Each structure stands twice: as C-alpha cells, then as structure tokens.
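Let's start with one chain on its own, the form predicted on its own, as structure tokens.
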Amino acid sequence: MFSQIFILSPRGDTIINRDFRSDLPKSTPETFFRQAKTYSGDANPLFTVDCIQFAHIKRGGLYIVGTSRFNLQPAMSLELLDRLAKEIKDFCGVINEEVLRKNFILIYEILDESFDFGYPQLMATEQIKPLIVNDPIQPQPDSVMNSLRPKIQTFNIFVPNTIGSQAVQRSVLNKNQANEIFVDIYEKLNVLFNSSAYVINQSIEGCIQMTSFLQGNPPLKLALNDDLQIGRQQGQYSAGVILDDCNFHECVNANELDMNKTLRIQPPDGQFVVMNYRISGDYAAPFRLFPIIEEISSSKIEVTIKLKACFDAKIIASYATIRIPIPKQTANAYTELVKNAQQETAEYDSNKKMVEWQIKKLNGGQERSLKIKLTLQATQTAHTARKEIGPIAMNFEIPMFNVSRLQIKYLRIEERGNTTNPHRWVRYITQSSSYVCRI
C-alpha cells in the first residue's frame, strides 16, 4: 500500500512525515510539492513522478499525501487519506498548520495505530481512541477562527463556507466537553439549463452527517419525514420526498425506515455520515440564469446575464460565483454592474478568457444582472465569436435551506433510565456541484 504518508504546509514545509518502508528517497516530499505547483489550479489527486505514485487530498490548506512504488488503487487511496484526515480532525478539533505542529506527537501516534507497514488497520476514531495516550493541545481561539473564516473559493462537496459550528472546533478527547450532538444535512445540486432557463437535467446528492459528543455514546432514534419514500418507479409522481437510492453507516439500523421513517443509531465518537442519498426527480432549482447575447457590430458583442433567486426572502445565499467563458479572440472586455450594486464584483481575466462575477450575499426573491461588453480582434467576427461564449457555471451555498425538503422530525436518546437532555443542533446546507446554463 503506502510507502510514506506526509503532510505539507501550503509553502511546501514538511509538518509530518512517516516513512513505513524506507524504499523511497528522502526528497520525495520536495518532489511532490514541485510537481503540484506546476498545475495552474489544484493539482490532480493522483499523479506519477520518477516511477513514484502520489495520491493526495487537501484539508485546511494542507497537503495530505500518500506515496508508493507500486500501483495505487485511486478510490481506495483517496478514501484512506480522507479517513485519516477525519481521525486527525476528531482528535485535534480542527486541521490547520498550527494545530498539527503543536500536536505532532499525537498525529504520529494516530498514524502508527491506523497503518501497519503502510497497510490500513484501524481507520475509525472509535477504534483507535482507546489506544491513544497523548491528549491534544488546543490552539488559541483566534487561530481556530482564522482557519474557519469563510473565503471565496472553488466549493468542494459538503465543505460549507458558512460560520463553522462548534462541532468542528472540539476534540473527541476533551474531558470537559458539553453533552451535545450536531446534525448536518448537506445537499449538492447538479442542474443543467438551456439558454431559455428551462431545466434539461437535474439531480441531488445529499448526506446526513453527525458529529457526536454525547457522554457514553447512548443509542439514538432519528425520525425523518412521514412522506419519505425509498425507490422511484418509472413515471411515478408524488408530493412527498422520494429518494432514488441511499446507503447507511455501519452503526445505523434502517429496519424501521420503510414503516416508521426512523433510523436507530449507535453513534461512534466524532464525525460520521449517517446516510448518503440521491434524488433524480424534478425539484425547484434555487437559481435561474437568463443569458442574452446581442451583436452590436461585426466586432462588438454585448452579453447580459440575469440571475434570479427562487427561494424565500428570509433565506440568504452566500458567496455565489458565476463564471462566463468568452471568445479567445477577445481584445477587450468591459463589465458593468447595476448602479449602486453592493457586495458584488465582476472581473475579467484576460489569461483565462473568463469573466467572474461574485456576489457575497443574495436574499431570496432578489434579481441581479451583469452586462459584459466585448471587443473582438480583427481576425474574428461577432457572428462566429458568439458560439464560443459559455456555458455559464455557478457556485453557491445556501445555509438553512434544502431543496429536497428532507427534514429531521426529532432526535431522541433511546437508552432507558437516561435522564440527560443533551443539546441538539441541526443545520441544512445546500451547495452547487455542477450548476450550468448553456448559451
């Protein structure tokens, strides 16, 4: 399996380096970082340099990398690195450079319990927790908040840019932790529109994720919508919530789901995904894009993009980014927002031939518009250049909102004689995965 596992800072400094087999040169981390920096954006998750295979993920701005002389199985390699990152996060509370440097002894202990000679052994927090001796060193509050502060960036699936909950700041080894549990319903949307803003194809990929800090890990009972159905028949229409398919964590008993719409859970420590689900039916897309292209002259084109938020006015979308590819033969591009536009910017990147429109906050029911004035080079006409415009891609996040209408009715402790009343926190977060409008 892995010959080495190391963690690098954004500058390429080695924070953690566990060499399991001593069959690779010591300069392997430097080789990885040099190759990763050759990519214009994020590096490919797997690549090969000098007969060394690299698999990596990025968490908290840090590179978590596994290497091998032999062929790595892509899905398994990335899954193992992701599980390692979750274990570190469960023990340390948050993943950033300062936390890892302060807890490097604990990190090495986690690595040694999780892997043996590079092969995975115990890859769950509840499995290795009894074997861990060192306690985590908690960072200063300011450093935690800086690492959680939202930024405008490419959105990863189920990585919210809303204000971080207390769950991601706590360690599973915190002796004075509160008796509480966090439940997050994440949904990512795949939508394809035509130029008239009609939906061509759409689907939802979602999950129910828990972060448990319950004392004694008592059994739980989670109730979902009464109108929930599992499995969609061809041509079936229902006003309820229909999941095309779903799967569950090993700690979940779903025997009562069809009859009572409930799940019985024996929660492990830390963070875990209760259920993954997929929905392919029709649903109300939260945003509509209306593109209009006008040929002003043989060398000038005017593109108008109208954006409408189709959800309740009490809901606020955050960090929406719309990217509009423009013709390669564009000599100049001028962007124009509506007068007195607030918390939004539009910039033209001449190298990428891309206009990026960013909106920090957008209330439901609001409409925004952007006008792009293109001047073409003499070698191309407006009639042929307009075919190179688009498709428009949009990234966004909407806190406390979910399209599928899947709801948590209640979450109860099933342990008899348990009189505690733990805090229960529930969040709904909707994100874009592939939100595209053709022109």
Partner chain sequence: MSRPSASTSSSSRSSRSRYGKEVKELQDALNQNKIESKRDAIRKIIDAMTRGKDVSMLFPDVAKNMETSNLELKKLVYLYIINYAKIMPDLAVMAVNSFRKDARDKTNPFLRALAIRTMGCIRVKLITEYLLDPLKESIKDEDSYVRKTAAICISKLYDVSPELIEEQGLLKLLENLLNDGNAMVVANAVCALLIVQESKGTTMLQLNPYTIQKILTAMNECNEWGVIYCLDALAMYIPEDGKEAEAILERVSPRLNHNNPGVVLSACKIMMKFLDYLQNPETIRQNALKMTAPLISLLSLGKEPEIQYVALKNINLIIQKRPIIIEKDIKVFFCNFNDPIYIKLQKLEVLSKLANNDNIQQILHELKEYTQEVDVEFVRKSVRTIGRCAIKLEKAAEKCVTALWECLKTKVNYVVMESIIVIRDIFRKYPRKYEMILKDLCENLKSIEDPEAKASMIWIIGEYVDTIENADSLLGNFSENFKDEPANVQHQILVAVMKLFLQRPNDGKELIHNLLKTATIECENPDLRDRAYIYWRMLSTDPELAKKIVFTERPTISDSSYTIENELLDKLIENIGNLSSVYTKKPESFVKKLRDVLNSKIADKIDDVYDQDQLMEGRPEDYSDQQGGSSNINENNYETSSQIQSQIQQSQVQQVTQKIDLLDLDENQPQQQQSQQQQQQQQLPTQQIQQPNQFQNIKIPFAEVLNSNTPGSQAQIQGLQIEAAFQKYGDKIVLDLKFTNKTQDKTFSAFGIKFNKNPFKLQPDAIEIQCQPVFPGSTQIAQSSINTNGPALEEPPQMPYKIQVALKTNLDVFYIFIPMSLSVLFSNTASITQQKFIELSQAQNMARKQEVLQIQIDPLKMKEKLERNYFFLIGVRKDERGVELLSYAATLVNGMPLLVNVIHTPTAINLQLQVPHPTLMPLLYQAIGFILTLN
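Rigid core: the largest C-alpha set superposing within 1.5 Å between the two forms. Positions refer to the first chain, counted from 1. The shown structure was predicted, so the numbers you read here are calculated from the model rather than taken from an experiment.
What comes next is about the form predicted together with its partner chain, which is not displayed.
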{"item": "Proximity of Tyr410 to its partner chain in the predicted complex, heavy atoms at 4.5 Å", "value": "no"}
{"item": "Any non-hydrogen atom of Met123 within 4.5 angstroms of its partner chain in the predicted complex", "value": "yes"}
{"item": "is_contact(Ala378, its partner chain) in the predicted complex, heavy atom dist at most 4.5 Å", "value": "no"}
{"item": "Distance check, Glu347 to its partner chain in the predicted complex, heavy atom within 4.5 Å", "value": "no"}
{"item": "Complete contact of Gly216, Asn255 and Gln271 with its partner chain in the predicted complex (any heavy atom, 4.5 Å)", "value": "no"}
{"item": "Stretch in contact in the predicted complex with its partner chain, which is absent here, among 90 to 98, 356 to 364, 336 to 344, 74 to 82 (heavy atoms within 4.5 Å)", "value": "74 to 82"}
{"item": "Ile137, Ala331, Ile315, Ala197 - the one with a heavy atom within 4.5 Å of its partner chain in the predicted complex", "value": "Ile137"}
{"item": "Glu295, Asp227, Glu109, Glu180 - the one with a heavy atom within 4.5 Å of its partner chain in the predicted complex", "value": "Glu109"}
{"item": "Core superposition between this form and the one not shown, C-alpha change of Ile392 at least 2 Å", "value": "no"}
{"item": "Flag for Arg427, CA shift 2 Å or larger between this form and the one not shown after aligning core", "value": "no"}
{"item": "Core fit, then Lys26 C-alpha moves 2 Å or more between this form and the one not shown", "value": "yes"}
